[in-house]
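What follows is one chain in structure tokens, specifically the form predicted alone.
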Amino acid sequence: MAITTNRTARLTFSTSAGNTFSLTVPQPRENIQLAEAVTVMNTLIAGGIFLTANGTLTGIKDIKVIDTTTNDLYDPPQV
């Protein structure tokens, strides 16, 4: 039983087919800034690095840094 925290960055792009594509980055740097995330996303778009089932990445749709806390209240007995 323990309390754990996790942090992820979710980068969401629009695609050439009009859908979205999300990329989740675990444990981003604590003080990441909007301008840095935008620069990385624009680099990925310009480089054509990802080809999704819905086409190429065409734009930035959303950027989120998500913190979650889990309080594990019960662990089964070890046999």
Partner chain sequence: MAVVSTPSSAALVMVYQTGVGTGGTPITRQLTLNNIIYTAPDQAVYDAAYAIFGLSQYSLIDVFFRKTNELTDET
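Residue numbers count along the first chain shown, from 1. Treat the numbers as computed from the prediction; the structure is a model and nothing was measured.
Just so you know, the form predicted in complex with the partner chain exists too; it's not on screen, but the next bit is about it.
Residue contact with the partner chain in the predicted complex: I60 places no heavy atom within 4.5 Å of it.
Although the partner is absent here, T24 lies within 4.5 Å of the partner chain in the predicted complex, judged by heavy atoms. Residues F21, L23, T24, V25, P26, Q27, P28, R29, E30, I32, E36, A37, V40, T43, L44, G47, G48, I49, F50, L51, T52 are the ones in 17-56 with at least one heavy atom within 4.5 Å of the partner chain in the predicted complex, listed in sequence order.
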